[in-house]
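Next up is one chain by itself, shown in structure tokens, the form predicted on its own.
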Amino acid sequence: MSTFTKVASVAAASVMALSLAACGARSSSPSTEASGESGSSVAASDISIGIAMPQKTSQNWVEAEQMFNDYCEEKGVECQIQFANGGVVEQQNQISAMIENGVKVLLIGAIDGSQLGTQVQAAKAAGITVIAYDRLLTNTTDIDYYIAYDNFNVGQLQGQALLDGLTAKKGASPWDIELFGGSPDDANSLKFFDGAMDVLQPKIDDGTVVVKSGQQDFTQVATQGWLPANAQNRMSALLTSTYQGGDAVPAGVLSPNDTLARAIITAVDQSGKEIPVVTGQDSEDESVTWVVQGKQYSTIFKDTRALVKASVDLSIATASGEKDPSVDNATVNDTDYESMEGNAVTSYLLKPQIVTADNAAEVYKDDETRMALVNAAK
């Protein structure tokens, strides 16, 4: 791990500080003080949170920005939020600037969680609490907490949804399937894939499902950058190489998120073949419509509102001196998420929900936007 260079940080700060957006007004009201278990009392107006987010590659990241703005303002805390649409180096510079600006807590949704070791080391040296948001930071021990939906369980739900969809729509087994994974630089991708394979591998072993291409290792099925073009091109190549002639097509496809699911479905649709059972994740608007209409079999609802709220609450609690903060509706896991081998990170995990056409109205009943999509698609 390289040593943090203050000169570089100051230079980055001088550039980035001008563009940091404050999300939330400071409040001088005594009622905004929070007391921690340590007996300390910190006014909310004295709490500043640096929120470093990745590129806006999917709807949930886009939605998170306004949600952070609104909830930070509601809680009376100052926060600085930046999206690194320019890539990893930009995110490194943004985090360095936040450190120089004196934030109390860093909430980091990493582009590549393995490449921020220098920055989080500097944060810890400055007494800043480091919380990994949605994506675990790796190659470092300088991380205090991780908060996300239970990503292994997301994969399990996707694997089970694929089997349920095959049973409901594709007749008797055995069924040919293909597997797609997320980007290898995203620590969540392997969790999703391992969770799905926890369900699917026994069915592969007993012949219920067959990965006809033989491509079933994560390194073979990963989709660099989560780019839909990469998934669409691979699906087209699979149709050419493995499902030649006539109506040959896999019965089902494991897709790790909605953006890739739509790309996979588009590739099959353009070939003129029958659309497989395809899984997804994130409840993106277009995929909600496709699920209700039956074009995409399933998605996963990970309510971004709940994750944003829980993350800000956790940040406030730690900045207020709480040693063992609690988070509403989250399970604490102290063993299964490691930032380095042997370094387990205290993780707060929210529960995801599977969504199909059958239960979409029930799952989204408290989400006005997605409920409108459900009603319009019927």
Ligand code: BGC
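What you see is a predicted model; the values in this text were computed from it and never measured. Sequential numbering from 1, following the sequence displayed.
Missing here is the form predicted together with ligand BGC; even so, the following discussion is about that form.
Of the stretches 309-317, 43-51, 333-341, 59-67, only 59-67 has residues with a heavy atom within 4.5 Å of ligand BGC in the model of the complex. Taking non-hydrogen atoms only, W226 approaches ligand BGC to within 4.5 angstroms in the model of the complex.
The shortest heavy atom separation between D282 and ligand BGC in the model of the complex is within 4.5 Å. The closest heavy atom approach of N257 to ligand BGC in the model of the complex falls within 4.5 Å. Of the heavy atoms in K302, some are within 4.5 Å of ligand BGC in the model of the complex. Residue-level contacts in the model of the complex: of R135, R262, K295, K191, one residue has a heavy atom within 4.5 Å of ligand BGC, and it is R135. Counting a residue when any of its non-hydrogen atoms is within 4.5 Å of ligand BGC in the model of the complex, there are no hits in 338-365.
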